[in-house]
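As structure tokens, one chain now follows by itself in the form predicted on its own.
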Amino acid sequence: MFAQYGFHGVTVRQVTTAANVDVALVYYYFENKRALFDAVLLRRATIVNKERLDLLEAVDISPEDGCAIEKLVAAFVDPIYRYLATGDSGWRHYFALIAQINNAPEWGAQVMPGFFDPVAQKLIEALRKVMPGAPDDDLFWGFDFLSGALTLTLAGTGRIDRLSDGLCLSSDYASIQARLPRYIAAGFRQLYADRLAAKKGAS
């Protein structure tokens, strides 16, 4: 319901009616609607973020590995697309909700840090090791572009379906998963190469 109508578009009574429970139970277990909302976010975030952190930890971080950036980005996004492709409808609703939150000024700065910033910081920390000397502003901008691309695919707007006349489908998670890490890695790599070239020219 939060994914379909947003936080403000859903009342506690609507939630309890759908769940066929007494409205008082929400206030007993969660205190208020915001606490219920946070519990909704935390339940699945805990699952997917543990997998992402484990995968990031398993990547062999070496500047000599020409595919290390792709591997790190894949570790960051693969669990999400796997749950989208194989999970129940709850996962699709959940990630649609995340897409809404990440794009909303009211929520993005409030909610995302507590639930998802530790994973983002882990990715950026690993990228620093893969691209030694890369300026932090390039790394953070690169992550912001990654987050935007990821969020758009989670929203599943169907725009690419219409734009490509059905050649590409917003629900084709395997195609997204195969392309997004390479696309994002190329961006990180180009920013890094440009900085190295500028530093070499200055010296």
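What we label the rigid core is the largest C-alpha set whose atoms superpose within 1.5 Å from one form to the other. Values in this document were obtained by computation on a predicted structure and should not be read as measured data. Position 1 is the first residue in the sequence shown; the rest follow in order.
Beyond what is shown, the protein has a form predicted together with another copy of the chain; the following relates to that form.
- In the model of the complex, another copy of the chain stays beyond 4.5 Å of every heavy atom belonging to T11.
- When another copy of the chain is considered in the model of the complex, F143 lines it closely, a heavy atom lying within 4.5 Å.
- Among residues of the shown chain, V15 is not one whose heavy atoms approach another copy of the chain to within 4.5 Å in the model of the complex.
- When contacts are judged by a 4.5 Å heavy atom cut-off, E31 does not count as touching another copy of the chain in the model of the complex.
- Residue heavy atoms within 4.5 Å of another copy of the chain in the model of the complex occur in exactly one stretch of 38-46, 148-156, 57-65, 23-31, and that stretch is 148-156.
- Note on the partner interface in the model of the complex: the residue among V77, L84, A126, A120 having a heavy atom within 4.5 angstroms of another copy of the chain is A120.
- Residues of 17-36 include none with a non-hydrogen atom no more than 4.5 angstroms from another copy of the chain in the model of the complex.
- Once you line up the core between this form and the one not shown, the Cα of Q190 stays within less than 2 Å of where it was.
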